[in-house]
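As structure tokens, the next two blocks hold two forms of the same chain, structure 1 and structure 2.
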Structure 1
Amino acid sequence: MIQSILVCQNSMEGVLTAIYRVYEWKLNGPDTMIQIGEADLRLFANYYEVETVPPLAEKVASTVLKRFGEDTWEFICYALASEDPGKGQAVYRTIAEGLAGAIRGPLMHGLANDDIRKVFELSRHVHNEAHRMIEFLRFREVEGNILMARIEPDADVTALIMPHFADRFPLENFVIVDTRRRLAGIHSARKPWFVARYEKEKDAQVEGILGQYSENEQEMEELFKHFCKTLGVKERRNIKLQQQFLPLKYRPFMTEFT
């Protein structure tokens, strides 16, 4: 039996378009695979290159929303924000199982199915990552009363954490920069937020802005460092426990550890 492999772009729209094509091209079946980006070619397989078409992706999205509800859709969104190469396949199989009616009750409760569980795990992973960013991200005030934060998360969480900060700081101008993916989540006071992509040539400029200080910024940073230092009870000192909760990889951009 010859396998069908659809190769798509590494983005939410890319994967969802591929899922649309699976059904449009009547390829749906247990052997069909969705693959993200280039990978080793297999001998007994037909490869299909899938161009991303946002309107088609939207169709899949609305089907998922209609058939399986908002909760399932949220799981899928979070799973697709991960960097796992198998995410496309897992999401495709999950949706396929759901459409085939193989799962009784809510789709994401069918954890005995390997693909559904994979989506569940990926989603939980990204959720944790997003939550950690909400916890550990630090803003620094630069000239012009703008708050800048730098992050380098494992998953693409910028768009997932912007709503939290936009609700929290409606009157602030702030920017969250993912320097690994070259994304910037931008919020101006009293306006809706958006995410912008920037080119490699802008790297130096972005670094420059991130390194700036406003007038009383340094004082605040010092105050907070002192606060964190005094708060530890030395009779209970437990560095390993601290590290378990606050892994080293998050610390380079955190005020109290620099």
Structure 2
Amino acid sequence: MIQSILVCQNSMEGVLTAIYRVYEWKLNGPDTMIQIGEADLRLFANYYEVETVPPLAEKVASTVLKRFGEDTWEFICYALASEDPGKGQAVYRTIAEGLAGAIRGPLMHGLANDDIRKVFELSRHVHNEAHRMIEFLRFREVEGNILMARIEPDADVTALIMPHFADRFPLENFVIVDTRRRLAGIHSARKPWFVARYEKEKDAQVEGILGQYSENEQEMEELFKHFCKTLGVKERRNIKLQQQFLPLKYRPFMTEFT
């Protein structure tokens, strides 16, 4: 049997566009696959390059919302934010099972299905990562009275955590930079937030901006570090327990550990 493999961009819009093309090109069969990134060539397979088209992705999103509800759409959004290379195929098969009426009741309750279960597990992992980013993210004031925060999460959670901070700091100018993926969540005071991608050539410029702390920030950091040091009780220090609640991978960009 010859497989049909659609190769798409590693983004939510890219995967959803590929799902739209599956049905538009009448390729929705058991041997159809959605592959993210560069084509991993196989024998007996037809490859289709899928260009990301946001309006087509919006149509798929609208269909999912209408047919399966907001809860299912949230699971899919979180799953597509993961770094798992099989997320596109899992989401496609989950939507396909739902459209075919193969699952009785809420779509995400069909955990006996391998693809639905994988979407559920990916979504849970990304949700936990986003929650930890909200807890451990630290803003620092740079020149120009702009709050900057640097993160390097396991999943692409920038767009998932921006609403929380935009709601918490509506009157602040702040930027959350994911230096691993070269993404920046940008919020201007009293304006809607958005996410922008920057090129590799801008790495040095971004690093420079992140290191330009204001005088007030430096003073506050010293006070905060002194507070954390004074607050601790040496006799009750438990490194293993501390690492369990605050893993080492989150500490390089936290003020109290720098």
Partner chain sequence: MEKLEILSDAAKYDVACTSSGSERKNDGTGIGNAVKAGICHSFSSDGRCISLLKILFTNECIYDCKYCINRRSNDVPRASFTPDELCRLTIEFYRRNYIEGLFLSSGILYNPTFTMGLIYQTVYKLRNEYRFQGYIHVKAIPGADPELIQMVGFLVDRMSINLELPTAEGLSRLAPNKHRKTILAPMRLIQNGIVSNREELALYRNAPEFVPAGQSTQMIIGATPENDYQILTVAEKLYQKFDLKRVFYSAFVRVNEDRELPALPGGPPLLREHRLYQADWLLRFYGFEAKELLSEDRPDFNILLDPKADWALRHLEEFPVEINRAPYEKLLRVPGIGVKSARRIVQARRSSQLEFQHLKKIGVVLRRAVYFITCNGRMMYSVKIEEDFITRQLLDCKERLPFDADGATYRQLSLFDDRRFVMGQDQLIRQVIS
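Here, rigid core means the biggest group of C-alpha atoms that superpose within 1.5 Å across both forms. As the structure is a prediction and not an experimental result, all values here were calculated from the model. Here, residue number means position along structure 1's sequence, counting from 1.
By the stated condition, namely the form predicted alone, the second structure is the one that fits. When the rigid core is held fixed, the Cα atom of residue 222 travels 2 angstroms or more between structures 1 and 2. Once the rigid core is used as the reference frame, the Cα position of residue 69 differs between structures 1 and 2 by less than 2 Å. Residue 236: CA moves 2 Å or more between structures 1 and 2 after rigid-core fitting.
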